[in-house]
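Only one chain is included here, represented as structure tokens and corresponding to the form predicted on its own.
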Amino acid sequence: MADNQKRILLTGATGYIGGRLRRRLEAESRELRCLARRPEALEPQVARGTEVVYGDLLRPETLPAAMRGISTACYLVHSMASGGDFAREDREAARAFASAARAAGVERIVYLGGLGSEDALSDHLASRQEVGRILRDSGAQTIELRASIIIGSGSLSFEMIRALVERLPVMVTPRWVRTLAQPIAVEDVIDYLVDAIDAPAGRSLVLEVGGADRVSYGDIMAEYARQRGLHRVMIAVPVLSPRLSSLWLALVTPLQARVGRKLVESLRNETTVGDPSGAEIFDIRPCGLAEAIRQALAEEEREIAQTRWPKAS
């Protein structure tokens, strides 16, 4: 049984995954504290009873007060949008977080990283897995969930795929479009994170999680087009470098160019579940690709309706 009275520290509460996890935990009346570099921006969004405190992972002196009295800390941040050395910033942030957690006696850290074999990983995926190792060195039980592309309205990878399919009737597709992935619906990711928060005390774990289907990125594009009723033609070419791919993306997608390039470089790595045994400790049965996209499109329709209703009124 979950102990809802244990105080949880949430980083990344203004982000895509962190914001969704925050709303789930608030709906369950958890005792929640959110770490934010700009508390004044987050405070109007949180539920009554949620505490918002100032903290900057690249300023270690701001973390001890935020960690005080915390049982479980959720690490859901990264530096992909940084204009500098994102891997170095992620390393420094994780070390500061791990050190503060150790000093405060935090019992558990829950972290969302990325799938991928440790051989020849992209810089982005290598950094995500390095962060997991640093957090495990904190001494707290660390549960690291490694996921593939997350399907949901607002997910960077999903929005990239959506923009390509929506804007290009004919796509000259690079080699990475044939790379295998195991896309997972965002709601399934949130379920895994909540179960990780509530898991029994024990040793640190690295759990590989994915949806029900193993598909290529081209398959994801084709399924999105099918559900949107779009006829799209994909013409494969043998080579298209990450640099050229990122320039191509910058022309047709709303992603920041530097984030787009980091994502493209990661797409060369297969991100499928190699060992499902760890995730089987949770009673979660992730949906397949078609259902994940259906949920994402339905959520977008709800968001559009909510935006239009006040104007109509």
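Each residue number is its position in the shown sequence, starting from 1. Keep in mind it's a predicted model, so treat the numbers as computed, not measured.
Omitted from view is the form predicted together with a small molecule, to which the following refers.
Using a 4.5 Å heavy atom cut-off, which residue among R162, R108, R136, H78 comes into contact with the small molecule in the predicted complex? Partner contact (heavy atom, 4.5 Å) among the options: H78.
Just to confirm, with a 4.5 Å cut-off on non-hydrogen atoms, which of E51, E26, D56, E270 contacts the small molecule in the predicted complex? Looking at E51, E26, D56, E270 one by one, just D56 meets the 4.5 Å heavy-atom criterion.
Heavy atoms, 4.5 Å, the small molecule in the predicted complex: which of 216-224, 99-107, 147-155, 230-238 makes the cut? Say which one. Contact criterion met by 147-155 only.
All of G18, R37 and R128 within 4.5 Å of the small molecule in the predicted complex, heavy atom check: Yes, the whole trio is in contact, each within 4.5 Å by some heavy atom.
Using a 4.5 angstroms cut-off on non-hydrogen atoms, would L112 count as touching the small molecule in the predicted complex? Because a heavy atom of L112 falls inside 4.5 Å of the small molecule in the predicted complex, the answer is yes.
Does Q295 reach the small molecule in the predicted complex, with heavy atoms at most 4.5 Å apart? Judged by the heavy-atom cut-off of 4.5 Å, Q295 is well away from the small molecule in the predicted complex.
Is the gap between L9 and the small molecule in the predicted complex 4.5 Å or less for some heavy atom pair? No.
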